[in-house]
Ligand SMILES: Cc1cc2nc3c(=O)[nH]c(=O)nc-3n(C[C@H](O)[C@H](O)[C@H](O)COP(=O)(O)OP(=O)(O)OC[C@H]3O[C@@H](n4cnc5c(N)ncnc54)[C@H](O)[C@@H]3O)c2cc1C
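Shown here is one chain on its own, the form predicted on its own, set out as structure tokens.
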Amino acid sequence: MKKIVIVGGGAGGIACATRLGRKLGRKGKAHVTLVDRVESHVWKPLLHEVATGALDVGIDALSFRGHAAANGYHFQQGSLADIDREHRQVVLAPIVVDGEELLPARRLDFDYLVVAVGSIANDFGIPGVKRRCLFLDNTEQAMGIRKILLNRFLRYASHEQLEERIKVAIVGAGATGTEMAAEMHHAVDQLRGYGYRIDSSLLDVTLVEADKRILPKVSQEAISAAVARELEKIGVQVFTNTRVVEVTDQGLTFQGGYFIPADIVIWSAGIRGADYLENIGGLETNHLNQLVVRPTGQATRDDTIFAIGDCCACPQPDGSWVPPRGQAARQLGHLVADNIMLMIRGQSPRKTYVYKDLGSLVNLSKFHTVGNLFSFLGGGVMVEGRIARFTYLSLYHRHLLELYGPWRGVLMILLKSLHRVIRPHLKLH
């Protein structure tokens, strides 16, 4: 029986594992294993809600073990350390908790390997970023940010009003940065209902972008302008065409010498592959430590190793590269699963991936939602307000339907909607 190992349970990895588990694992045609460093899956576009307490991981996260049992694949917890191509094995690092080794380093045999480990924030070598900044690459980091924010807000829980403002700087005005800025203001509004004597006037949020506009990857400038207006309405100060040259304990220094103070700095500017991916297993990587793959998803130096999502660089017919988007990871995950099934049947992996931008949606919490749909059709259609909000929610609902199947997926959507009505709007512990 062929052994398929998928490392990484993000949008692309879990889509691939689910498809292969249902079509091969359940029927005994292959042994499918998903490996991830944590035990549960959280949809990455919602990490900013985890960071502010708007989303409760204990309720909204998907257990890999439970999902694996229901969908015909297996799960092992661990982190990728190396790929031994000679012996066709994945090397997993030991699991250490509080200095105690719970599981030693392990090796998993594979006939086909899919690397879907995502990305980390790119610090661009700027002094102070690694030491001083908070990042939003995974669930643990998001929960760490939530703890720091709640501790800051706790100082305002007494009836004695403190005069100093909480100064937060968010570097990188892509979807993550802009949504995080709005969600923080929403969290402050919600906290007033839980005994915190705090309002938005005590929150000083600055959003910094090196490009000439926020949301630089969104094709329609009108969307960037609309989001910028909404952010300014709720009190977010927006700096564009501004480059950070140093981060210190006191704040940010920009090119030209301008300085702004900051108590908390959240870094969401750019992505790159993790350090351990550099030439891992002798595979080709680019300057961002991304695995270079062919349009079939196969590594350039090994036909049985695939890479999907932010950790890969996939070329396009026009000479560009597939952008690091959740929709691209999911689509490439499905394509790679189909190509592996073709190879198991003795056929060539004939499916190739051509990226089509289905659109971008930015949800500014309760304040506004804006975006465009079907961008590949002459720039797409711009949507705002309730229609955009409904579309944004439908993307998450589609994700749930793919993971749970139609009937269980509908029940899960209804259950999550009910939870949002009956449970507190913020997780405060």
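Remember, predicted model here, so these are calculated numbers, not experimental data. Heads up: residue numbers just count along the shown sequence, starting at 1.
Separately, the form predicted together with the named molecule exists; it is not shown, and the next lines address it.
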Looking in the predicted complex, any heavy atom of K44 within 4.5 Å of the named molecule?
yes
Taking the shortest heavy atom distance, is G10 within 4.5 Å of the named molecule in the predicted complex?
yes
When the contact criterion is heavy atoms within 4.5 Å, does G273 count as touching the named molecule in the predicted complex?
no
L373: touches the named molecule in the predicted complex, heavy atom cutoff 4.5 angstroms:
no
Report yes if all three of S79, V117 and P324 come within 4.5 Å of the named molecule in the predicted complex by some heavy atom, otherwise no.
yes
Please tell me which of A68, A54, L364, L361 lies within 4.5 Å of the named molecule in the predicted complex, judged by heavy atoms.
L361
To verify the annotation, which of these, N339, S224, T176, Q331, has a non-hydrogen atom within 4.5 Å of the named molecule in the predicted complex?
T176
Heavy atoms within 4.5 Å of the named molecule in the predicted complex: which stretch among 364 to 372, 31 to 39, 54 to 62, 383 to 391?
31 to 39
Would you mind checking 281 to 310 for residues with a heavy atom within 4.5 Å of the named molecule in the predicted complex?
I308, G309, D310
